[in-house]
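Coming up is one lone chain in structure tokens, specifically the form predicted alone.
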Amino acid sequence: MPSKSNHEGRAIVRICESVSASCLGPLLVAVLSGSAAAACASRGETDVEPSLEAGRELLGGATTVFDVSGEAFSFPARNLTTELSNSFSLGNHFFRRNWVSAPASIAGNDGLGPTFNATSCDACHFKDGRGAPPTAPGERFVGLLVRLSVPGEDPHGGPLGEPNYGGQFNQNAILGVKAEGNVAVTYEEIAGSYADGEAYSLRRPSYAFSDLAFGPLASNVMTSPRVAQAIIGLGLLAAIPEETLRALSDEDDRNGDGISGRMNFVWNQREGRRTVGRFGWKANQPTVEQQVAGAFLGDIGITSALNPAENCPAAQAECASARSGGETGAPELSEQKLVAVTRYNTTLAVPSRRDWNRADVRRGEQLFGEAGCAACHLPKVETGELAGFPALSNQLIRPYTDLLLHDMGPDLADGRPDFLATGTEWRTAPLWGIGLQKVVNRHEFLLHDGRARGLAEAILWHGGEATLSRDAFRAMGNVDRAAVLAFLKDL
């Protein structure tokens, strides 16, 4: 895939990494046609091979930690102040603690439910990493949840919850309250082959609900299964200036390259208005705090100042009458605890790369760029000022995301809008840390529903705006494919 030019007697790979519109189309024309040079004028060019750049192993800039163990996702940013380090430890305690139903003998530990998916944050984000779909028949969903909605919008422009089951399906409940029911996943194997004839198989999931306690789901219900994402580097993503995201956006595909990344604008509860979304599979949360508070309510059933009402749809009378935890009239998650867990999530560090100088890894990084993957999985960006977090401010980071929504085609579509995100759009997932997922989380399931059983399958599911990049990968020989995967495993 010779998208190269000669500079001072050697081949230099041209990878687009500046913060402007994408160059995927021109780049892939060059890649797939074998032309002499890749046109990346709209995103800018560099005559430095990315694998030769100084500091390329520091994915989180000065915050990066150096660990390859099963605890690699659980360290604080390396340059934190003492105050934030102490807050990190407190937040870590609350993040991993199991909540119990009210009343409890120890004040402040209760409030679980009335309905819920898990009893702790750590149950879904094991060791701060990625959740997984069930792997055995009858296994309960924990690291995978199912969003529900019906056509229409809530008062703030977000999804409208299913009338009897709300916005999220909960399989568990406290004593005296009915759980909403059960859900199971099965898979259909889909055979395919690379251009060189090597076979592969993809699995397409199908979901079935049963034992529904409050009647059948609405006939027009929309469902969206979503695995828990790794929570490393959230504060660094929060620190990327909105102006940078605007510069990256190309909603109308003005340059005609087939890429139309755009921002989601979602309801910001603290500010009482819509602001840019950054977090979640569809960029449907604007801040780390709101992401944390939303998960406490939806996943564990814990109220907070941001979400003071229990998650009880009108049809669920037992849920509504159940006893709440904490002090009477106060949220179950105190402001102190919400701040601590938010700071914990904000300051979790990203681990460094390990084998960036290895020849096959460097080759894979080159091919990753030539295939156009870097147009959405943006290799590097600078953070701005993040109030209260000087350690995360003004850092050169390598998250491999643009935080924008992209149309990924019908095969990955959930058909469920989420604020401005359509049923085929997903936020570009950050790739940092992906190479340590198996070590930390003991599995390799990827994509929003965990259908992919590894990196190659995840790439092969890409469609829509990423079709040319997927096809470029599928057209590679097995040595080059292995090099791309080796690069990704180094992130």
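These numbers were taken from a predicted model, which means no experiment stands behind them. Numbering starts at 1 and runs along the sequence shown.
FYI, the form predicted together with a small molecule isn't displayed, but the following is about it.
Interface residue among 349, 319, 121, 148, judged by heavy atoms within 4.5 Å of the small molecule in the model of the complex: 121.
This chain is displayed alone, yet in the model of the complex one of 397, 292, 392, 266 has a heavy atom within 4.5 Å of the small molecule; that residue is 292.
Heavy atoms within 4.5 Å of the small molecule in the model of the complex map, among the stretches 303-311, 78-86, 212-220, 367-375, onto 367-375 alone. Taking the partner from the other structure, the small molecule in the model of the complex has a heavy atom within 4.5 Å of a heavy atom of residue 466. Taking non-hydrogen atoms only, residue 284 approaches the small molecule to within 4.5 angstroms in the model of the complex.
When the small molecule is considered in the model of the complex, residue 126 lies well away from it, no heavy atom lying within 4.5 Å.
In the model of the complex, the small molecule stays beyond 4.5 Å of every heavy atom belonging to residue 443.
Taken together, 231, 280 and 412 are fully in contact with the small molecule in the model of the complex: each brings a heavy atom within 4.5 Å.
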